[in-house]
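The data below hold one chain only, encoded as structure tokens and taken in the form predicted on its own.
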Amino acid sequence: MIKEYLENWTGLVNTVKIGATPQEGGTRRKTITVGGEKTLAFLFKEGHLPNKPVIAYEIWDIKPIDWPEELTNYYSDVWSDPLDWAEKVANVYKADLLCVRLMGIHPEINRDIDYELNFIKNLLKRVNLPLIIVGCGDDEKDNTVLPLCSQITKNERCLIGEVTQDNYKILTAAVLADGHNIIAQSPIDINIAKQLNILISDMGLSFDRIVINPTVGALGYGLEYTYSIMERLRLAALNQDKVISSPFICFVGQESWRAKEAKARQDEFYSWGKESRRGPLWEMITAVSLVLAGADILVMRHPKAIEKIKEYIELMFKNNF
């Protein structure tokens, strides 16, 4: 008889809590806890997996300019008002977590800062889900607006980002002062991920308030390289490297729906089949791959893809494979 080999890990992934209830000084109706793994994804026999991976619905503060038709079928009725959009994913699609991307502050759009801050204030009133708030990707704009968002959401324990090795001080200081968590982005590089966590922690933010975005690719777009880096980071954590024992956040929808295979129309590539089926599958399979690599938070867009990945996660935890 072949003896089953089980690894005995001595480390674990940090837990990060998102959201604060009224009893904790916030206004959210629930909290989300991620991390805490004592083994690799779904290897239940080797160690405890206390928290399931969670999915955050991605919404924007403006009407998206590059989302394909398959996504407009679900959201175009609420794009004129991002608060309605947030309410729809909360009430109709039963979201557990909301990721707000502030694309309106991008220099090419240049929405008024007061408009953005009022949007965040009203969002807190309209939707009581835990929040992830991310900027537009322009360092100057993000460094101006995100610290203000941190102030007006003080004590709500949001997850705010992203910061990089060259641009972390301003937002880290704001997050530290206002009781939030931070997203540390590294370009598929273990050494940079480790160094960034050290820099953030040196400013006083504890490791249990850091979530790593390792930077991911979609199915067919370097996903195998992303997978290997995430796996190596997780192995380091399980071997007691506490500096990089952070949970992962992966922006699955953003990467999946920019892939040609997900959004190309059938009349252009007939043999590929209908985009209404192909696009959600592209996002779903990307999400499954990243969950297997150790993702703790998946930021996704298509309701059907989200529904299927939730079913997959529930099935894996129910059967304890």
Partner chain sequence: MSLSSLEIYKLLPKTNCRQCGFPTCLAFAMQLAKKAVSIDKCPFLSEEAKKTLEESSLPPIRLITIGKEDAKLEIGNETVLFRHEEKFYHPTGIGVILEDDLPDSEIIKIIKKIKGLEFERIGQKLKLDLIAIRNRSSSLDGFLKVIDLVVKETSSFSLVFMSQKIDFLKKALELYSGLKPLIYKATKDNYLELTQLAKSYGIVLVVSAENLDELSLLTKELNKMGFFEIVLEPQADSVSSLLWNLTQIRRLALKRRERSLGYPTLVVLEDTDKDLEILFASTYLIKYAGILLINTSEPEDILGILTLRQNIYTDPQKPLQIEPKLYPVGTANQNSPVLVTTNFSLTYYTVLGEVEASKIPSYILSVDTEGMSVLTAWAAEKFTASSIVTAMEKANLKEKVSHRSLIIPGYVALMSGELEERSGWQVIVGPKEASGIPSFLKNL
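Positions refer to the first chain, counted from 1. From a predicted model like this one, the values you see are computed outputs, not experimental measurements.
The form predicted in complex with the partner chain exists for this protein as well; it is not shown, and the discussion that follows is about that form.
None of 168-176, 219-227, 93-101, 146-154 except one has non-hydrogen atoms within 4.5 angstroms of the partner chain in the predicted complex; the exception is 219-227. A residue is said to contact a partner when one of its heavy atoms sits within 4.5 Å of a partner heavy atom; residue 117 fails this definition for the partner chain in the predicted complex, lying far away. When the partner chain is considered in the predicted complex, residue 273 lines it closely, a heavy atom lying within 4.5 Å.
Looking at residue 17, you'd find every heavy atom of it more than 4.5 angstroms from the partner chain in the predicted complex. At the 4.5 Å threshold, heavy atoms of residue 42 reach the partner chain in the predicted complex. Shown without its partner, this chain lists 264, 62, 285, 54 as candidates; in the predicted complex, only 285 has a non-hydrogen atom within 4.5 angstroms of the partner chain. Every residue of the trio 6, 231 and 277 has some heavy atom no more than 4.5 Å from the partner chain in the predicted complex.
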